[in-house]
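Shown next as structure tokens: one chain only, the form predicted on its own.
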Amino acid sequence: MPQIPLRDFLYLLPEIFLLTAGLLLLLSSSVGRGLGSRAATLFSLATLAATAVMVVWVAQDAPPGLLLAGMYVLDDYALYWKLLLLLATGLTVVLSCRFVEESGYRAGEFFSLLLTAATGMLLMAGGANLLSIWLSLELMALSSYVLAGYFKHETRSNEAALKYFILGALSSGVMLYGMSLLYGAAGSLGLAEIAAALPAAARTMPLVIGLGWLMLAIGLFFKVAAVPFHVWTPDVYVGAPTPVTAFLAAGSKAASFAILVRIFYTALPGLALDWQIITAAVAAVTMIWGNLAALTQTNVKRMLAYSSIAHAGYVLMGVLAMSDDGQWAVLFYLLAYVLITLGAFGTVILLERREYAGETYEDYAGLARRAPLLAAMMLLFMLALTGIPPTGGFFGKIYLFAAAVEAGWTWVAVIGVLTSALSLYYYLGIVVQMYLKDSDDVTPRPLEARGLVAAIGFCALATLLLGLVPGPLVELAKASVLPLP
């Protein structure tokens, strides 16, 4: 049994602090009426900010390398994802404040689950062993199951949680079985050790290796909502509370891609040709089906769910490139995607607050006259999701397409371009309602939820800046890639 130095736990201080704060927030909810929504929001934001400071401090103070007997790693790749995931969680907290306050449910419990899920995501970003990655993934997943069903008196929320739990448990079981097969063949769960042992193991037990990595990939494709493992996504996104939907579409998806890239690039480089073929097929089908299904939707949350599926296909183009360019394209695109998605869902939340359902296209009719600023920001998000300049979504897609073409996957990039053009129809459907359709209600309405509006405005400004001056973030993404074998 290897001895673990005490300093290794010091380098895990950000995750320990975040989890402890989440548990304290949960305990506070059991005393009397617990913390109010605004107090819980401020506590959560302060915790996330302090965690971000600790993450940066650890990255500067600790030497890069493995911790906890090879279970965890400190590197620039993990640092990038941790900061992005903390940003996504912080924005989700702000988007949730008024929504939870008006729901009548305990705010402390809700925000404690968000912090616990964020802890799992941070641990996922630094996972260097299949077992630690799986445990971190389950910490995030179990918190997400409860969040999806948090509005326990709402039938749709209960259904969403049940479907998510059952299918999520099934995918976790498949993934765990694939890990066990790889362990049996390679003799280790460490990513680097698996990569070193795979060439010899592939010659003696090719069936075990093939089945192991394929089952592992299936579990990962489920987590990122890639076709045909996407069936949970539309119902869960529609049934879950809208801030939770935003969190799943942005934070959870980004964290899942973080481990997918690390596993494929670090543990399975020797099988690159095999998983590239499968990933290319999954990416193509995901882009086609996600966009075609979104065309037929009248519910905005459901449309955004299928849109999220399609965007998983775009990101997979960067993954299958198996290059530095593909990696940093994935990192940059997911930064832009997180901001765009949270901003779009924030607009839906704001409309729900103002006694508009916010879930059908017709609910956006005449919005440009009632709330011109909100309509302008929603227009920006729709353009960014389509990939139209000058937005971060445009450069994000350009970089992904270029990486795929450079790596020889031109046919996948062509499908990506065609499906992006197809997406223009359903994204601009909202724009048509906002600017060209009339509404019975023409009374201007002030945007009273200042925190929520500020979060949406931040996402809109960041989306625009990523399109106007992408260079600094591109350089940051390039500095954060994993070393290729």
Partner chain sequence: MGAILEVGTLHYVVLSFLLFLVGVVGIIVRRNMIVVLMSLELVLNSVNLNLVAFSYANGDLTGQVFAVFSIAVAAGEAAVGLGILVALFRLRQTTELDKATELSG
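Residue numbers count along the first chain shown, from 1. Model, not experiment: these values are computed from the prediction.
Here the subject shifts to the form predicted in complex with the partner chain, a form of this protein not shown in this document.
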Answer key: of 363, 235, 325, 352, within 4.5 Å of the partner chain in the predicted complex (heavy atoms) is 235
Tell me, which of 296, 204, 155, 410 has a heavy atom within 4.5 angstroms of the partner chain in the predicted complex? 155
Partner contact check in the predicted complex: of 94-102, 191-199, 378-386, 207-215, the stretch with a heavy atom within 4.5 Å of the partner chain is 207-215
State yes only if every one of 265, 283 and 292 has a non-hydrogen atom within 4.5 Å of the partner chain in the predicted complex; otherwise state no. no
4.5 Å heavy atom contact, residue 276 to the partner chain in the predicted complex: no
Answer with yes or no whether residue 146 is in contact with the partner chain in the predicted complex, where contact means some heavy atom within 4.5 Å. yes
Taking the shortest heavy atom distance, is residue 166 within 4.5 Å of the partner chain in the predicted complex? yes
Would you classify residue 80 as touching the partner chain in the predicted complex, given a 4.5 Å non-hydrogen atom cut-off? no
In sequence order, which positions of 247-270 have a non-hydrogen atom within 4.5 Å of the partner chain in the predicted complex? none
